[in-house]
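The data below hold one chain only, encoded as structure tokens and taken in the form predicted on its own.
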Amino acid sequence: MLRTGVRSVLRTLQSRTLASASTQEQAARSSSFKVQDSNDFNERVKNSKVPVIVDFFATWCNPCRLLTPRIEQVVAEKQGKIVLAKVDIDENTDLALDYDVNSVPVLVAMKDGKVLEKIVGLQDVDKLKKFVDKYADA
């Protein structure tokens, strides 16, 4: 009987943890998108009504893999005041060249189609929060 009660409590805790994790993942997904091509970039980034952080990355880049969940979480916390556009440099070479991306990861803050700031390399969460806060609250 005690085992049944413990199992029931554990299942409840696991389902709540999974539910909150999926809620966090959904928030991150709704505040970010992957750029498909130059036209998509022009429509969703350059013409955006809110500031955009553009994450130039490559699938083979280990620092990019570490940066992505960090920046997604920081942007998701801003609840739509800023969005994240992810650009795979191997799929969108022209965009990478247009924005002088020589190494990855690179984060570019944009508003009204204009580059405001660029940071290169893996960043800790505190620096990402300062970077995002600067443009989300503007």
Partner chain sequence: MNTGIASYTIMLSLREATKLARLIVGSAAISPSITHRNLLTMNKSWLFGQVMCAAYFSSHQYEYDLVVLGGGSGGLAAAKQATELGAKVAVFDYVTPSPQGTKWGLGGTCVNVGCIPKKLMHQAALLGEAIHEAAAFGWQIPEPKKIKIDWEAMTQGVQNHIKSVNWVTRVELRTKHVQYINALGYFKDPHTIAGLMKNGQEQVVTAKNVLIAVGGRPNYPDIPGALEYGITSDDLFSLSKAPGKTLVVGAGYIGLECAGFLNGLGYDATVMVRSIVLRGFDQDMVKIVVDEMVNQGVKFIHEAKPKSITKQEDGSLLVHYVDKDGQIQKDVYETVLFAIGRYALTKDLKLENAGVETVKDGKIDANNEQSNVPHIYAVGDVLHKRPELTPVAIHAGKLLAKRLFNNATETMDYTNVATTVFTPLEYGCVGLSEEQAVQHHGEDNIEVYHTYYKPTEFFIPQKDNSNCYLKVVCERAGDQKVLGMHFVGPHAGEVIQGFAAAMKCNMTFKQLKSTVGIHPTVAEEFTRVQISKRSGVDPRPQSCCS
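Just so it is clear, the structure is predicted and the values come from calculations on it, not from any experiment. Residue numbers count along the first chain shown, from 1.
There is also a form predicted in complex with its partner chain; it is not shown, and the following applies to it.
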| property | result |
| --- | --- |
| Location of its partner chain contact in the model of the complex, chosen stretch of 72-80, 92-100, 32-40, 47-55 [non-hydrogen atom, 4.5 Å] | 92-100 |
| Close approach of residue 111 to its partner chain in the model of the complex, 4.5 Å, heavy atom | no |
| 4.5 Å heavy atom contact, residue 115 to its partner chain in the model of the complex | yes |
| Heavy atom of residue 86 within 4.5 Å of its partner chain in the model of the complex | no |
